[in-house]
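Presented below, as structure tokens, is a lone chain in the form predicted alone.
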């Protein structure tokens, strides 16, 4: 049940203002850690601002969805929704300067495939990528545990697609004034697809997003569903609860419709800046990262030797 889920308890925020606050804090924390005595003017030129981080995040959300839509074998919508939810959750409390969106994006998709039981082996997964596939596989696998940890291992995502299908069935059985509900499906699905690129999943419940999509789709066909919502969906709600629900539906619509993707030029300018200020310890191409990986492997190799030594000592005593 969504009401008892970790998503409802930990990953729903009051609105865009609260999300902006958390993102700004992540930006500030990173800068304070790495500024090394730079003046405020130098910091402004060298590091990304919260606004620039959002430009980059939105750009990679578009790239993520495009990657999923072209993925082979074809990917279920729930995997796309969960991938984007993981990506958005990660960057509420983490900076793009600390973890590059390119690495986290692919790891989110790979993890979502597992979580939604659409498991694709890593070898087959990276066949969907151009370039050094072995390098991509190593990066994805190395960031997987980091991603899960940053998400507090709260990996269940309730997407709006199932709720939408429930409302479509309900319209057919309990609102027969709408003779052919399927004619609004195209608009409903377009709304849901657009919602995936907004912050809606971090602010509203899946049922609120789905109902807003249904209402939007009907409006595109000049059909009002106010009567259905008030007398069927909200029949047991108090006047105050009904009023709040209708208000939330208007908020969903406003947030989804206000989303505007960033231009390629904007993203490229921020990307160049990011290349200078990103955390090299989390950059798979950096010497620091490669040395850490070697040290980790060496440490793992030493563990069995330590255990064997201890066993020998115990047997000898």
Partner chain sequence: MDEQGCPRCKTTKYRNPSLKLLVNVCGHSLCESCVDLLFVKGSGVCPECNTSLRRTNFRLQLFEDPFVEKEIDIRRKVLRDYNKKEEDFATLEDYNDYLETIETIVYNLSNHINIDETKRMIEQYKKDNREQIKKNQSKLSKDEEMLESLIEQEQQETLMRKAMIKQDEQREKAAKRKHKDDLIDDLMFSELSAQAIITSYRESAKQEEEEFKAKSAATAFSTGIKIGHQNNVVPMSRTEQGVMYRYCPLVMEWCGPDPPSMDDIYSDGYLKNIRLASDAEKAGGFREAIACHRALQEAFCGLFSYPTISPSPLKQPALAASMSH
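Positions refer to the first chain, counted from 1. Source: prediction; values computed, not measured.
There is another form of the same protein, the form predicted together with its partner chain; it is not shown, and what comes next is about it.
Student: Would you point out which of 72-80, 106-114, 241-249, 190-198 contains residues with a non-hydrogen atom within 4.5 Å of its partner chain in the predicted complex?
Tutor: Every other range fails; the passing one is 241-249.
Student: Any of the heavy atoms of residue 96 lying within 4.5 Å of its partner chain in the predicted complex?
Tutor: Looking in the predicted complex, residue contacts with its partner chain do not include residue 96, since no heavy atom lies within 4.5 Å.
Student: Find out whether any non-hydrogen atom of residue 144 is located within 4.5 angstroms of its partner chain in the predicted complex, and reply yes or no.
Tutor: Result no; residue 144 lies far from its partner chain in the predicted complex.
Student: Would you check, heavy atoms only and a 4.5 Å threshold, whether residue 293 touches its partner chain in the predicted complex?
Tutor: Close contact is absent here: in the predicted complex, residue 293 is far from its partner chain, nothing within 4.5 Å, heavy atoms only.
Student: Verify the contact flag for residue 222: yes if a non-hydrogen atom of it lies within 4.5 Å of a non-hydrogen atom of its partner chain in the predicted complex, no if not.
Tutor: Output for residue 222 is no: heavy atoms all beyond 4.5 Å of its partner chain.
Student: Judged by heavy atoms and a 4.5 Å cut-off, are 46, 261 and 271 together in contact with its partner chain in the predicted complex?
Tutor: No, because 46, 261 and 271 lack any heavy atom that approaches its partner chain to within 4.5 Å in the predicted complex.
Student: Of the options 237, 122, 129, 178, which one has a non-hydrogen atom that comes within 4.5 Å of its partner chain in the predicted complex?
Tutor: Here the answer is residue option 237.
Student: Could you spot which one of 266, 38, 286, 29 gets a heavy atom to within 4.5 Å of its partner chain in the predicted complex?
Tutor: Comparing distances to its partner chain in the predicted complex, the residue within 4.5 Å is 29.
Student: Within 197-232, which residues have a heavy atom closer than or equal to 4.5 Å from its partner chain in the predicted complex?
Tutor: The stretch touches the partner through 203, 205, 207, 208, 211.
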